[in-house]
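Next up is one chain by itself, shown in structure tokens, the form predicted alone.
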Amino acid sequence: MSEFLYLHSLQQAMHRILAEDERAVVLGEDILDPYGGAFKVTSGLSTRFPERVWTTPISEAAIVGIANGMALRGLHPVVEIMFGDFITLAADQIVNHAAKFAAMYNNRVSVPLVIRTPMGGGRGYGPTHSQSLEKLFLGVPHLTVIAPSLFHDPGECLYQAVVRDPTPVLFIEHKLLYPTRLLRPGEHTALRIETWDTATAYPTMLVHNYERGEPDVVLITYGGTSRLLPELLRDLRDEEIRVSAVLPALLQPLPIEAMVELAGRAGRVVVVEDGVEGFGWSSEVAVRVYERLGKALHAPIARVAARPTVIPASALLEAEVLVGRDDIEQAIWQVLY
């Protein structure tokens, strides 16, 4: 079985984008070779396309602001924010400019900007380099937020975002997924993997640990937590617990149909997000599912998220704060019994 990693998919997509789209440019800190970016997604790009890959000063607001202007003038800028924690420094340019321009000017302009950034903990980087802050940007009108899982082709999602999507896109890459092998339909004998909406640019993936019948529980999650699912779903299969996982690439706008369809068949739902608990993605998913299904659910919807505190650098303490496999399993047993 081929070892095609999450990182490889993104690297290949970046090369494909610059080769096929002459309007694409890349901006970010320390992205030039031989360093090639903190997580090496841009490795090789500046050597192959020296005129369209630009290293920048350490100013996230300036990087995104310049990219906004480029997008308004017809280019397809791809911004790399070295760590997702630093995206707060560009919040004004994202929320008050990139996301608003098209609506403010009656759609006579577009802002085809993609902002890539690694989120999440698990590598001991401490409180200011380990957060999952995507929920700060959910609910911002006209901003698309994407977080592909290991069951997606993240490179294809990135290609669609840069080349085809006229809206500003925040593209979330979880750090722990970079070295993880992608799992594709037909490849994993222990799991049945399928695509719910094949016609869309950012599909929703379904992962089942059973072949026949209906799910006992529906697990809804995204991005980095997908790395916890293969082992967990296999172990639950051994316990004869049928689980269907719904993994949208899109966090916003929220693709709700697959979630509602499967949740209605199971009647029991667990929603998991990478960030801290409260006022987040899992809350919105739970509300949307409940609005559609209401009393058809057999148990209250369970939510799982990181603890509401800073993320320690110590591996032992970090594991206590972040979402782990045991947290998800306990929530599944909770809705079952």
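Note that the coordinates shown come from a computational prediction; the quantities given were computed from them, not determined experimentally. Don't overthink the numbering: it's just position in the shown sequence, from 1.
The protein also exists as the form predicted together with another copy of the chain; that form is not presented, and the subsequent description refers to it.
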Between the options Val95, Leu228, Val260, Leu191, which residue brings a heavy atom to within 4.5 Å of another copy of the chain in the predicted bound form? Val95
Just to confirm, with a 4.5 Å cut-off on non-hydrogen atoms, which of Val217, Leu251, Leu247, Cys157 contacts another copy of the chain in the predicted bound form? Leu251
If we take heavy atoms and a 4.5 Å cut-off, which stretch out of 228 to 236, 112 to 120, 98 to 106, 204 to 212 is in contact with another copy of the chain in the predicted bound form? 98 to 106
Given that another copy of the chain is not shown alongside this chain, does His298 nevertheless sit within 4.5 Å of it in the predicted bound form, heavy atom to heavy atom? yes
Does the 4.5 Å heavy atom contact test between Thr88 and another copy of the chain in the predicted bound form come out positive? yes
Given that the partner is absent here, does Ile241 sit within 4.5 Å of another copy of the chain in the predicted bound form, heavy atoms only? no
Decide whether Thr200 counts as a contact residue for another copy of the chain in the predicted bound form under a heavy atom distance cut-off of 4.5 Å. no
Can you list, in sequence order, the residues from 133 to 149 that come within 4.5 Å of another copy of the chain in the predicted bound form, counting heavy atoms only? Leu133, Lys135, Leu136, Leu138, Gly139, Val140, Pro141, His142
